[in-house]
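Two forms of the same protein chain are encoded below as structure tokens; each is given separately, as structure 1 and structure 2.
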Structure 1
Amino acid sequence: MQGWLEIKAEVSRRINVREWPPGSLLPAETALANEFGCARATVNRALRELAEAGLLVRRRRAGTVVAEHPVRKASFDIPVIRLEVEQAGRRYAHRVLHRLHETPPASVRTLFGLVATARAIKLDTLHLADDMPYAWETRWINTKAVPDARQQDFEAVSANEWLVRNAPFSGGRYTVGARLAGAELSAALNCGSGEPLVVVERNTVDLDGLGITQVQLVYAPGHLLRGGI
């Protein structure tokens, strides 16, 4: 007989390995109780905890489904840049400028739990709004945590949106700062050298604490960060 913590861990594992992908309907609580050899109330507690963490969506009389955009509600949400642009009434596009498979710097290797010779995907992406530069993204993706990323070129769907859809995370770190535009960013973001730019850095870890991605977003001049409570 398993307790609710063990059931929570097993359900999390099945979500993480895509046995139950985003949008899929979980078995009924009675079926899960039979499988795990416990009371239905024990299953209910485990699923309630995962719903509160943002990994599941529970609908009365409709069952429990895996969240389409799993996040920990007590931590932070990851905005999809396409939606951010479209909600402002602008036309979104993106360009993958570089897609490499190489050894990341030591700080990223530590986050990803990689040995010194291991490699990861590095992407440079320019996000556009009405064909004008919106944000420059530099991203590392840990294929150990997200093996399906190896088959993605991220041309049709940006890495930002693909990871939100396909890589559930349990936590991470989010920082906001500023920097002055140098030559590369001036050219990429169509701004003058020395202009102040908003910089967002973020990393996420999966349900087992393994680093998923590390990203830096540098926004074009005039960008405002908005949030709510």
Structure 2
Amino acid sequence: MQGWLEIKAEVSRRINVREWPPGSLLPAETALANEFGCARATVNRALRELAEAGLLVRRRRAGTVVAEHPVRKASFDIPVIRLEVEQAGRRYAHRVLHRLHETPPASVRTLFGLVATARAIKLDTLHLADDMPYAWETRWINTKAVPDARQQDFEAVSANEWLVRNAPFSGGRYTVGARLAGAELSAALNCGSGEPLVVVERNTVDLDGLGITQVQLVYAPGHLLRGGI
């Protein structure tokens, strides 16, 4: 027993077999380091990862406790759509259907830190895989946060890809929902009206918390988001 991976596995095992049941207090790092015959830093690394995974709760002075209700962290990658399509062995293309400069709705203005009269770039883009509609994108871009976006028409490189490479981002939030294809969407995505569609809405903010972009992606029927726990 020496590596942090082994210690992580061993601690995980003890939790699983109820040697350390939910809510129980683990020995201090120094004690575990002594038991496992390693440095405290090694134990720290193992316990820190288990805490990040939601299995342990750690607080100074209070010690390390097995989580009562381990919250599984699900995650999935948000790759550039072009790569997502190409990795599925399909040919990617996109069409910019509208590129406007207008006043965004209040929710976007708040995110972008804009006054009521200010404007932003609005883009409607259709993503294609093997010439079949793949996803419909409605996007707002904050020119205050990304001035260079003014000079881009996003025809050669999609806004999705351009922003990933050119806009410093630090984080963001997203929601996933379902909606019906209306007249406009069924035409754009070449599907029946009334089909259920997956909708992902997300925004990204820069290091100062200023909104960079807000995007809504409506995927063609049957699309599944995939991830791991």
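The term rigid core refers to the most C-alpha atoms you can superpose between the two forms while keeping them within 1.5 Å. Residue numbering: structure 1 sequence, from 1. In this text the structure is predicted, and so the values were computed from the model without any measurement.
Annotation: structure 1 represents the form predicted on its own, while structure 2 represents the other form.
Relative to the superposed rigid core, the position of the CA of N16 differs between structures 1 and 2 by 2 Å or more. Put the two forms on the same core and the Cα of V199 is off by less than 2 Å between structures 1 and 2.
The Cα shift for T30 between structures 1 and 2, taken after rigid core superposition, is 2 angstroms or larger. On rigid-core superposition between structures 1 and 2, the C-alpha of A51 is found to move 20.4 angstrom.
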